[in-house]
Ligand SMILES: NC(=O)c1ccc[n+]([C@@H]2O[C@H](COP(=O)([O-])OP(=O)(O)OC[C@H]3O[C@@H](n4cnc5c(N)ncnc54)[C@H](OP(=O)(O)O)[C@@H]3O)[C@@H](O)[C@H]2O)c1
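Before any questions on how it binds or moves, here is one chain, the form predicted on its own, in structure tokens.
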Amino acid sequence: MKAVLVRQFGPVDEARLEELPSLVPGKGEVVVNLHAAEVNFPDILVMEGNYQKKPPLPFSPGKAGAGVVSAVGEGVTRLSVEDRVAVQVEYGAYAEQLCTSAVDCFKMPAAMPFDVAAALGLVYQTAHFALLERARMQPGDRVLVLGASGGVGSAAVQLAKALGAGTVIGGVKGERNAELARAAGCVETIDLEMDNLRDGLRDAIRLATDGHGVDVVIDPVGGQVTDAALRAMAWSGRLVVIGFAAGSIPTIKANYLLVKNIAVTGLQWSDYRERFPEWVERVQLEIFDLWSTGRLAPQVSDSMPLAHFADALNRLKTGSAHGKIILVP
């Protein structure tokens, strides 16, 4: 079977598509013949060696995909050969086959295409846990999603609306990204490239919320955007730190937290997958149900052959990807 292989940490272009032996499941494992793999920004960090968890070399990147179970290991009873499943893993999805624990696999609805199942993976899980578990979002809350045109951002916008948020506002850069954020469900977008972002974002949020401010901020961006977003929050607001796509880690000014009773929390979603797999499964089935009832629709913009993985990742890194990219083994 073919797989993208990283033999040393570095630029994504240094990885190669290689021929490897077919996989055999161990106890509690299954082998999935993958039909789709989700391309995510953390994949770049993993390949470069800049992610918080470094896989042992060599490895195949890729944290989410979908396919058909081709073999089951000893003790596996919840899955059978020919089951159509989505998979959530730490790495390994940029390949024709993936061997993983059975608990990392989730049966897909019968009508769901493989590219949709892959796209409803990591970013939607992250957004769901950010909104409900970490931010404790309540129906009617005013929500600001930073990076609202990106993977996690777009998922957070859609989920916030589907789960009963009031006003959902997107923080974006550029008109093309604003269009994508509005297509995902933002009632309003704010340009994060404005002059004097520190005051300007606060003023724009006040205008959009009739002076209330936002109750929830989903922040995969970091940098100076985080500081500006804190100033735009309502009393007892909750900000969830997911990542630092802007390239710098912000310093939180504690006086904001004190004056407005603001809570700032972080999310490392993979910890939930490892500690509470049953919880993750419940969330994934809820995400699938929301798709089945027409309340979620991942914005898949391109499907590319697995051999074009470097092009897909570079488009993501430079910000030229508009919507979710899926690799097809």
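One-based numbering along the sequence shown. What you see is a predicted model, and the numbers here were worked out from it, not measured in a lab.
There is also a form predicted together with the ligand; it is not shown, and the following applies to it.
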item	value
Stretch in contact in the predicted complex with the ligand, which is absent here, among 80 to 88, 100 to 108, 133 to 141, 216 to 224 (heavy atoms within 4.5 Å)	216 to 224
Contact test in the predicted complex: V12 vs the ligand, heavy atoms, 4.5 Å	no
4.5 Å heavy atom contact, G151 to the ligand in the predicted complex	yes
Close approach of A245 to the ligand in the predicted complex, 4.5 Å, heavy atom	yes
Any non-hydrogen atom of K173 within 4.5 angstroms of the ligand in the predicted complex	yes
The ligand in the predicted complex: contacted by all of V123, N177 and L267, heavy atom 4.5 Å	yes
Heavy atom within 4.5 Å of the ligand in the predicted complex - residue from V300, L45, V68, M304	L45
Position in contact with the ligand when the complex is considered in the predicted complex, options V116, L192, A208, A162, heavy atoms within 4.5 Å	L192
The ligand in the predicted complex - contacting residues of 300 to 320, heavy atom within 4.5 Å	L316, G319
